[in-house]
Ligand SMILES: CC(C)(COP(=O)(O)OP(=O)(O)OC[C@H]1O[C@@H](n2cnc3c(N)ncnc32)[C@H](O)[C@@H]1OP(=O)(O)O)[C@@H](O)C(=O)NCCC(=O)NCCS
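Presented as structure tokens, the chain that follows is alone, the form predicted alone.
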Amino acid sequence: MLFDPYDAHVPSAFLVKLADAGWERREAAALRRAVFCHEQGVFAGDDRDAIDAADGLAHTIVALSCVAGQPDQVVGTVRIHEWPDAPRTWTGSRLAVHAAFRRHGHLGSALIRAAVGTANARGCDRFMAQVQAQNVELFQKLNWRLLDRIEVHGRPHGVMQAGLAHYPPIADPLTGFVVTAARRARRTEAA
């Protein structure tokens, strides 16, 4: 199904929350594969790693499109985890937004807010991420500091740290928060 941002059936809101249903986690994994394996070619076949395999380590946050007020599909995701050998230090990774929704409601920013706010509520003192070079500027606008430039999987990344003071704790990440969709005006052709 192709996404048409002018269609009347396009979601008017997105729910951003910690995934708690099996379908949310399955669709988040499928979206990660679509973005990191098929679209970007970073991984062959699957992007799962030791963080995903470690029982209870990774927490999946999702952005759900809502139709008639009900969650419909996963259109964005990010995972977070606390480092076992560095308590109170959290990392965000595998941030992915469905291609059809990348300019529809600032979902990347909302997922970042949910990731850092969720970790902040769990006692985070430091929140880090390795950000693809093309996204460093977005993170800087969202109060992240660039600490270093590195290569990850053969691609340039920035090592970044969130300004925790700009991310209030999200006490109930299962409830999450709603982001309204940005509606674009329909283009009309001159006669």
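Numbering starts at 1 and follows the sequence shown. This one's a predicted model, so the numbers in the text were calculated from it and none came from an experiment.
Form predicted together with the named molecule: not shown, discussed below.
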| property | result |
| --- | --- |
| Site test, V74, D172 and T175 vs the named molecule in the predicted complex, non-hydrogen atom cutoff 4.5 Å | no |
| Listed residue that, although the named molecule is not shown, lies within 4.5 Å of it in the predicted complex (heavy atoms), from A29, A58, M128, V35 | V35 |
| is_contact(D46, the named molecule) in the predicted complex, heavy atom dist at most 4.5 Å | no |
| Non-hydrogen atom contact R103 with the named molecule in the predicted complex at 4.5 angstroms | yes |
| Non-hydrogen atom contact T89 with the named molecule in the predicted complex at 4.5 angstroms | no |
| Contact label in the predicted complex: E137 to the named molecule, heavy atom within 4.5 Å | yes |
| Options 62 to 70, 118 to 126, 145 to 153, 36 to 44; stretch whose heavy atom lies within 4.5 Å of the named molecule in the predicted complex | 36 to 44 |
| Partner contacts for 53 to 92, taking the named molecule in the predicted complex and a 4.5 Å heavy atom cut-off | none |
